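Below you will find one chain, with nothing else, as structure tokens; this is the form predicted on its own, and questions on how it binds or moves follow later.
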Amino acid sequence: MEKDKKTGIGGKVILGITALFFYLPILYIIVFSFNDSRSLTKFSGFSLRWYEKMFADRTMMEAVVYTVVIAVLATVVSTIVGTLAAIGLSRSRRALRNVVEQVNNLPIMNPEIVTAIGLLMFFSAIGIAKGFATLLLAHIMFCTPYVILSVSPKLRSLDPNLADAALDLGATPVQALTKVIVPQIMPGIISGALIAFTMSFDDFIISYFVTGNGVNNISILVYTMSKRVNPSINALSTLVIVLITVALLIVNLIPFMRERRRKSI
């Protein structure tokens, strides 16, 4: 009994240290984003000057807009394409499904630098000028496999005769897809969309190789600013943390509120 108690205390200590290791840098960034001075080590007083400077900086605001727009568009397209691809694979022969799943895993297992160079050479070979279009296409490409990977397990857990039963009861193929299949795999779709959004929002290596014509996301902007100390980076990072936190809260609260409303009815 005493040994179990010591093990429990040790586990909590390790958990606390791990959480501190992960979240202390984030708290550090948030606190120093309100620092009155340029110092990144000494807090001299509360101020919003770096937020004012950030919002007044056109380059920073353009990077934020490009990042959000690219992430949202890539998430929407990759979620739709990945979900339809996963549904199609679930209805395919086992041999074909195994081959496509192995191919789907290649972009996930490949080092990002290899994918980035491959996309750079591909866009150059077909004559597409680097810019917004190439950045969006690249993000859709590397986000789609994660959606397929998230949706496929949910499809495997479904009754294989579910769609046929819906068709026998008079539903059209579109109705069977949207009203029967999709609601059953919605948790997998949401998980895939969240992963796709996070991957797109956070990407640097692939974005750095395929962008051009002044189209920069936040990761590229922070990289270019890292050579000269600028406390506005803390304000920009805090803004990103807030956006991601709000998105996670919305995604987690909506199902909870729906379930609560359903129980009240």
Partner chain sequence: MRQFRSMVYPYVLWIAIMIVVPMLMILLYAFTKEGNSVTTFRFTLENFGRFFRDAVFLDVLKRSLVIAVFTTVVCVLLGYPIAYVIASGPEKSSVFWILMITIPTWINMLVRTYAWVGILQDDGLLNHLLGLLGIGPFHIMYTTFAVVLGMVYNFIPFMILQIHTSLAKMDKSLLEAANDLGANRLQTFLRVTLPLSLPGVLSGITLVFLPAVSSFFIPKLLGGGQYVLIGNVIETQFLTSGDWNFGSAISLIMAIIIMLSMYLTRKVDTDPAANGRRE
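Positions refer to the first chain, counted from 1. Keep in mind it's a predicted model, so treat the numbers as computed, not measured.
Missing here is the form predicted together with the partner chain; even so, the following discussion is about that form.
- A residue is said to contact a partner when one of its heavy atoms sits within 4.5 Å of a partner heavy atom; Tyr51 fails this definition for the partner chain in the model of the complex, lying far away.
- Residue contact with the partner chain in the model of the complex: Ile14 places a heavy atom within 4.5 Å of it.
- In the model of the complex, the partner chain sits beyond 4.5 Å of every heavy atom of Ser47.
- Among heavy atoms of Ala74, none comes within 4.5 Å of the partner chain in the model of the complex.
- Not one of Val65, Gly188 and Asn213 is positioned with any heavy atom within 4.5 Å of the partner chain in the model of the complex.
- Along 155 to 169, a non-hydrogen atom within 4.5 Å of the partner chain in the model of the complex is carried by Pro160, Ala163, Asp164, Leu167, in order along the sequence.
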